[in-house]
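A single chain, nothing else alongside it, follows as structure tokens in the form predicted on its own.
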């Protein structure tokens, strides 16, 4: 039935009726609003953290506002507040439409929504109170970890049941979603329980490295790619270019990505064969990513006007350019030779910002630009503000990336030449100033978007009892 709906064989009236019952628009909008709230908190925390590098930190000596704690609020707010909530909102829209079945239970959806907000807020509070664990992206207080794991299991059940009940072939996007639900549970359990209770020493460090990178590769990446395989064909109104390349991307991700995380600990006591394996698989992932990028850019051939006329497409494809850039960069920086220069420098910070915000953040913001008018059944209050949002964010992210890339090279070569540590700090100061100003550009762009969302919600028309028309979804590649 999904194949018939995708090809347009189901009558428009039937599809509209079914779609109107499938999606709970309130839960979608609630997740998106929560996501934007945490994004605002996270970028404010990041801005506050950056001021210490300029010797302008306003809360010097106050432990609750120490820069290190706000840095963790920044990273966790982005990962579990902004990204996780945005994914859940988009999934509540996309999965029912591709399966023609609602989620397992709407009451469960609302329970997960409120429980997840409690987890995110409690995590931020615990971090500020000094209860962090010594694990990147796993700093959540120990008592929150079991609750978060149960929440991830409930999320998987809520979405996997309607997917399992789907008759006929599944869209490739659904395969990415299935993998993400399963992988995320396993990765979270591995990173938050094994080093804490069962494994120590270098082995714990290796698991920590796998956890850091597998959250990106096995949680964020499959959900991000899956949403692109859903949204791009709908907006362009044409199928993706190659079914075969979509399969290469899926199986390449599954085969190579789980092994890459060790590259965070090159030149460490971790066995060298594992370090070499991580280098090889990281380079292999760049080839896999290239197939995905080619697939999407061949898809837009003949529809290049959409980059001008469709704001979501502009967000998506800018993120894809950033994606290829950051993965190409990763293929070089993971080599042992390159690592000698850039390890512990601001190069790595710029790389992390480009991949997490410049890629997946852009894809999620583009998804919001597409979804919010549809869940509110209202036109955007100001398309001009959307344009300002895009350009301030894109230029700010690009400036920050290049600024930190050059700063990292300056720092790395100075350290290699045994320059005095204080001299490297003095040399870094101009770059840190540019980073703060580029961060301000990004921050202003987000708050313009927040205002636009609020005004769109405020001036939306009265709720109609009739379901709004739903466009027929063009055919996407399916895996039998």
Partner chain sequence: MFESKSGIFFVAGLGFFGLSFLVMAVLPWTIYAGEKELDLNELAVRGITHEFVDLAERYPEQFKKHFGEVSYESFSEALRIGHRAYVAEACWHCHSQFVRPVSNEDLRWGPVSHALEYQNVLQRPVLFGTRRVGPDLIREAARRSNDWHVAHFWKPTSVAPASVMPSYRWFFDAEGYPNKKGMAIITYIQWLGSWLEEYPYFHGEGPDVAAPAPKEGAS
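Numbering follows the first chain given and starts at 1. In this text, all values refer to a predicted model and were calculated from it rather than measured experimentally.
Unshown form predicted in complex with its partner chain; subsequent notes refer to it.
In plain terms, the part of the chain that comes close to its partner chain in the predicted bound form, with a heavy atom within 4.5 Å, is 200 to 208 out of 376 to 384, 224 to 232, 200 to 208, 306 to 314. Using a 4.5 angstroms heavy atom cutoff to its partner chain in the predicted bound form, none of 109, 331 and 410 count as contacting. The closest heavy atom approach of residue 26 to its partner chain in the predicted bound form falls outside 4.5 Å. In the predicted bound form, residue 414 approaches its partner chain with a heavy atom inside 4.5 Å. Contact between residue 269 and its partner chain in the predicted bound form is found at the 4.5 Å heavy atom cutoff. Contact check for residue 143: every heavy atom lies farther than 4.5 Å from its partner chain in the predicted bound form.
Checking 122, 299, 131, 325 for any heavy atom within 4.5 Å of its partner chain in the predicted bound form turns up a single hit: 131. Think of it this way: in the predicted bound form, its partner chain has a heavy atom of just one of 406, 284, 190, 294 within 4.5 Å, and the residue is 190. Shown without its partner, the chain has 210, 214, 218 in segment 208 to 227 as residues with a non-hydrogen atom within 4.5 angstroms of its partner chain in the predicted bound form.
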